[in-house]
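Only one chain is shown below, in structure tokens, and it's the form predicted on its own.
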Amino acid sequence: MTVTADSVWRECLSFIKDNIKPQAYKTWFEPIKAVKLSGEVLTIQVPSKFFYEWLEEHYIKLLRVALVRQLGNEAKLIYDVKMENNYSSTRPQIVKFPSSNRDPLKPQKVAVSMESDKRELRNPFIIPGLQKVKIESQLNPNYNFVNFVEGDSNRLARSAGMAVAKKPGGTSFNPLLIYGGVGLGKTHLAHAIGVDIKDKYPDKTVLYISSEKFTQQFIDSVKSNTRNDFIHFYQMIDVLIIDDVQFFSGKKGTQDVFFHIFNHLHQNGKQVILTSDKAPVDMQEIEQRLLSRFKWGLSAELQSPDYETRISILENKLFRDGVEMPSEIIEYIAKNIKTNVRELEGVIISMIAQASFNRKEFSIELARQIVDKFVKNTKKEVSIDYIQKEVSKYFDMDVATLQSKTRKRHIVQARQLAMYFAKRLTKTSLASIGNQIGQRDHATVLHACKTVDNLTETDKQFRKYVEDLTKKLTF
């Protein structure tokens, strides 16, 4: 039988597979390809520099034993590193297994000769020497299941979260997408799942990150030519939690890199948890291939809490703070603050502060004053559609005219004002704003906002437009 690179490597893999966990084998050895065999020198191709460094850090002894069994004590291993731009490194990394009369299964010091500059994987969380440093989870331990009050409005999401925490990556809820309006507990629940997983599985790498920070890290990795390191860092995570994933909207590069990270994690049985202010079907400027993956698992909605749940939330908050409050005051707050959990807890915090600092006792009157301020200061949610309708009505035109390609001055100004208020009053990305207001790009929206700012300072009539529309849209 002819000995080839493939046959030698197959025998090596057979030995390696018997000596490590299946998941580790699938992640770190299945992607390797045998390239060439020259005497006692085997060349294998690995996907990246980081891949090579990881093998050197964690599996060099196993590789040595496997190769020495096939090629003898003079065996050499050459890594052909596949570079980011899809061509192979012309300066392979060479590992020589020195000859020895000792038992080849006994660990020996391995001589490593590197013909190209060695660099460490750049951890986007600025932790030097990633392989030697524990990755911090970025979780808030105060956000746990104990503090997350269950009710009809969140029962499905909470139950799914607990199932995921019990068996991360092992349920059909992968990914788990938690969606709902502002202040309903999406971030709290996402943290709670992560905290519970860390308690049950201390060895699992759990990471929470906001979508904005993820995007910024990706941009930084592109600038510093470390995109591969960025990808491999996230592919190492066991449980990845990304908050406010709707902010990937319009960011093609971020979506593309997350698509590949998601695929790797999902295929390797890792858990992905996402939060969003809207369901996948309502997400705009998100690629279909990504949306389809969001739908693979479970999308669980958090709704506004009902009266009984609001009572429970208030009582839970008071209990945690060690404060007693008359039931009629709790009921008054619950009846008048209906929108979200954040406002309910905000009223309680204000009540406690007023009573403590001003030496006031809890009373219905004090509750009324604080609730009135919260209700008054709560801005109504403004959509881009609503903004376009109001701006069009103000300038006595229809929305189709506002969105048209015409360059007539008064229509252009109306369109620019719509873009300005969309950026100011919503959390939508510039790309998505432009897409919804006449299929423009993000640069047009940016220019519109600058134009509105300049005209507001220099043109009295235009300033009146801004003031009038501000009142219409925010009061």
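These numbers were taken from a predicted model, which means no experiment stands behind them. The numbering used is simple: start at 1 and walk along the sequence shown.
Separately, the form predicted in complex with a small molecule exists; it is not shown, and the next lines address it.
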Exercise for the section: Just one of 264 to 272, 334 to 342, 382 to 390, 247 to 255 has residues with a heavy atom within 4.5 Å of the small molecule in the model of the complex, so point it out. Expected result: 334 to 342
Handout entry: Exercise: K186 in contact with the small molecule in the model of the complex, heavy atom 4.5 Å
Key = yes
Practice task
Answer for V222 alone: is it within 4.5 Å of the small molecule in the model of the complex, judged on heavy atom distances?
Solution key: no
Exercise for the section: May I ask you to check whether N147 falls inside a 4.5 Å heavy atom distance of the small molecule in the model of the complex? Expected result: yes
Exercise for the section: Please run the contact check for I313 against the small molecule in the model of the complex: heavy atoms, 4.5 angstroms, yes or no? Expected result: yes
Practice task
Report the residue, out of F173, Y143, F362, F395, that has at least one non-hydrogen atom within 4.5 angstroms of the small molecule in the model of the complex.
Solution key: Y143
Handout entry: Contacting member of V182, L318, L156, V399, with respect to the small molecule in the model of the complex [4.5 Å, heavy atom]
Key = V182
